[in-house]
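First comes one chain, alone, set out as structure tokens in the form predicted on its own.
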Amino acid sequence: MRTEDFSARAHRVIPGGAHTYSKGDDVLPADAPQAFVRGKGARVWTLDGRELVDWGMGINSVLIGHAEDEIDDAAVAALRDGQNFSRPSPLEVDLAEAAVALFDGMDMVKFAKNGSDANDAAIRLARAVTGRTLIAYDEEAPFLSIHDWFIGNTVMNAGVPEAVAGLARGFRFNDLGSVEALFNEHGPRLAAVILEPCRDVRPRPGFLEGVRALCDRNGTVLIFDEMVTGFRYSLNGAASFLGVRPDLMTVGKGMANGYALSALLGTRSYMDRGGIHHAHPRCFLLSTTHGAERSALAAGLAAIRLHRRERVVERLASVGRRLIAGIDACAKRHGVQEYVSAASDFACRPVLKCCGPDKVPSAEYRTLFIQEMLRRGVFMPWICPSFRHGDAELDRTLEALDGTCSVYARAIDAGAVVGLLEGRPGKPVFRKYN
């Protein structure tokens, strides 16, 4: 199949050409692969059979490796006995017990297929428990939900009623004063505070503790979005080492190594409101046809077993440290260390930074970087270390970085990417117009 044929077919029947905006043609270089046909370990193959080292790893969801035999075998064995029944499967209870055992203070769990549904259910539950409507959220978070309360507060807010968007008020991560200001103005109306407990930056001393105290004083539910941090930063979630416990938390991304599975966990006093053993008004917490399909549940259980046996989290951090050091050394060698970097307070989650001559992050220069890495056999739209990134993948990546930084240095010297970048620069997902 020719690449141009695939692209035309995709855009003819799928808005944007992909079911996830961050996988679309518009966010990547013009000559980027239009599709991947298979993956194994830390590598993927394109339509024309080209093999690439993969650092995208399913948008952070494949922590162990593509087509991991142990996990896939468990999923296949489960689905061969039936994928979906009209009564619960024992796998639901098996994984529920395993999940609550991982996260301290979490007593009950409901499964879903994506993080947005889990976060939205957490917010609905917080509103049911408190009888309030307003939500405070981290406005600097890259993504919290596909639902109106979050999307309505982005520039890509077409179709969201202002009345709905107005029920969510933003604060800034690591700025306790901005959270205090929301409580001072809206405290009696705030049902929940939702945020990632950390991203690539560690929370400042007292920030999470201050948020927890504000929630406690005002009867507000604290929700941690650990879609990325759960399983990647710690098998027990970032809350386990940050010292602050939420009332509700959501996990997903790496929970089942790419299988569609997420979870909402919480204390029994809150989660029980979604059940049938209480006298309060019923809360439609989470109820989806495919939320507990057996293959994903089995994959989740297998992934947890593999995490425990192989110390996956430690491996992710080790890979990240080696890559951060390699990028730094390569950038220095070519004199572009002020323009190309990867850094993080948590080595398991390096953040790639590509700047222009003004040392400000640049879409044009980022696209040039991705383009040149692709030409050298490495797909690096962002950096998601996996358990299967080994010496061979790191060596190949560092070799590609050497050539890429050489081209990048030429662009910095010229003050422009003209003549080096093929086609248009990549665009951000969140923009008002195409």
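We number the residues from 1 along the sequence you see. In this text the structure is predicted, and so the values were computed from the model without any measurement.
Although it is not shown, the form predicted together with a small molecule is what the next lines describe.
Any non-hydrogen atom of residue 227 within 4.5 angstroms of the small molecule in the model of the complex: Yes.
Contact flag, residue 320 vs the small molecule in the model of the complex, heavy atom cut 4.5 Å: Output for residue 320 is no: heavy atoms all beyond 4.5 Å of the small molecule.
Non-hydrogen atom contact residue 119 with the small molecule in the model of the complex at 4.5 angstroms: So residue 119 counts as contacting the small molecule.
Residue 218 within 4.5 Å of the small molecule in the model of the complex, heavy atoms: No, no contact at 4.5 Å.
Heavy atom within 4.5 Å of the small molecule in the model of the complex - the one residue of 207, 346, 270, 143 that qualifies: That would be 143.
Selected contact from 203, 274, 115, 350, since only one has a non-hydrogen atom within 4.5 angstroms of the small molecule in the model of the complex: The option sitting close enough to the partner is 115.
Answer range among 122-130, 327-335, 143-151, 233-241 for contact with the small molecule, defined in the model of the complex as heavy atoms within 4.5 Å: Within 4.5 Å of the partner lies stretch 143-151.
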